[in-house]
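Presented as structure tokens, the chain that follows is alone, the form predicted on its own.
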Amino acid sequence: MKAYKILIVEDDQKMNQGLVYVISKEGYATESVDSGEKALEKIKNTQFDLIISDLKLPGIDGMELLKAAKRYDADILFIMITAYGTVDTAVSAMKQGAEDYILKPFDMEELRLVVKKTMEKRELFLNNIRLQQQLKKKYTFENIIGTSETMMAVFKTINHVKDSKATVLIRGETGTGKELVARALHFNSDKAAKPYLPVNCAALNENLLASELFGHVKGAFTGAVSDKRGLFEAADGGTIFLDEIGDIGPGLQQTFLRALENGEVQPVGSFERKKVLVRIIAATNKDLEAMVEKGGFRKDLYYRLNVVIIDLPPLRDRKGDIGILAYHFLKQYSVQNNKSINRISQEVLRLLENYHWPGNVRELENIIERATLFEVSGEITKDSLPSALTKPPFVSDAKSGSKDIKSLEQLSKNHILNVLEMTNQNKTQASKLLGIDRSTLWRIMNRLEMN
């Protein structure tokens, strides 16, 4: 725990010395003065975490000091010391922003406990600030890596629309970083302090997704034993990120369209509509325009979603970014795994740049993480890479009449085996890299007799 700084303001010399003695013994950096005027001079030049002040002081009293201190630093904590006859004043002080008060006469143990409780609150406050700063740093534009023209266009769009209320549609293949962009839009906007709630539309059936988004009332369906608030209400004032928006069913599309148009949600099983103010960021790896043409997606909903479109390029179309990304992930996972690896061999860089990257940036991150774990030297070498990168791709020699042409099934099988090896047989990660859901991967593997 950091050494918090506490200022004691007490005109009684013996009481002042006693307070300093007790507070200092608790490990706090303690200073003291005997008047409100001296306290204000201290506050101007030193940042304190807590002020402990008597209410009755010569000149500027404790109440005036409280108000002035809060003007200098709204987050400074304040404990008022007061006599029994001025309890009403102490309560008024708390309304003005004091954290607590202590009634005279008191014993020093009581003071110690009040200070301890107050500083625990300070610790919680500072931890929250620190976490918010870390979260914002993680999703700043600088950490969406890329120098290509297409990525520069993405950065420019994010900067233009981050503070707007416009609906944003992020398009791109699996693994291109759609959620990273969604988080950057939210956490760099004026809504950063408000909720950011992501939901995977592909992971829930239509009824469950409706309940998740809009809530439900007790008895709306089997298992609805109580009212439930939906994500739209929970995110009021903030952002909802709807991943895989192309997977929502036709019935829910109509309900969702009404919520976008009117800013109203209707919980499942309820006749009541509720007003909400939520920014929608949606993402998809599907061709929504083609789905509209085939009747699989509502045209009016599509036009409501694509007010602002951000297209994320696949990694194979931004080869110049691969080395930058690889070093970014190397630094991240070297620190995370307590490794001292700070280089990537030229051979590995060539292999990375020549690979076709079906899983895009996510696949590159997984490969660098794996390489960092397996590498025993200070440089990422070919030996630390999965076979999918080190084996040359199959090329048929049609001109020479080569008979070594593999079937489509065999090519599919080989590719799935390579991706499974890359993810250490984790089928959930493998399915994400392949751009399919886990159940589809199981069906393909059963058909190819791979289980």
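As the structure is a prediction and not an experimental result, all values here were calculated from the model. Start at 1 and count along the sequence shown; that's the residue number. Between two forms, the rigid core is the largest collection of C-alphas that superpose within 1.5 Å.
The same protein has a further form, the form predicted in complex with a small molecule, not shown here; the description that follows concerns it.
Shown without its partner, this chain lists T174, Q266, T167, T89 as candidates; in the predicted complex, only T174 has a non-hydrogen atom within 4.5 angstroms of the small molecule. A heavy atom within 4.5 Å of the small molecule in the predicted complex is found for one listed residue only; from V361, M80, I368, L242, this is V361. Judged by heavy atoms within 4.5 Å of the small molecule in the predicted complex, the contact stretch among the candidates 347-355, 231-239, 143-151, 94-102 is 143-151. Within this chain, N285 lines the site of the small molecule in the predicted complex, having a heavy atom no more than 4.5 Å away. In the predicted complex, none of the heavy atoms of H186 sits within 4.5 Å of a heavy atom of the small molecule. In the predicted complex, the small molecule sits beyond 4.5 Å of every heavy atom of Y302. Proximity of H328 to the small molecule in the predicted complex falls within the 4.5 Å heavy atom cutoff. Shown in the overlay between this form and the one not shown, fitted on the rigid core, is a CA shift at S384 smaller than 2 Å.
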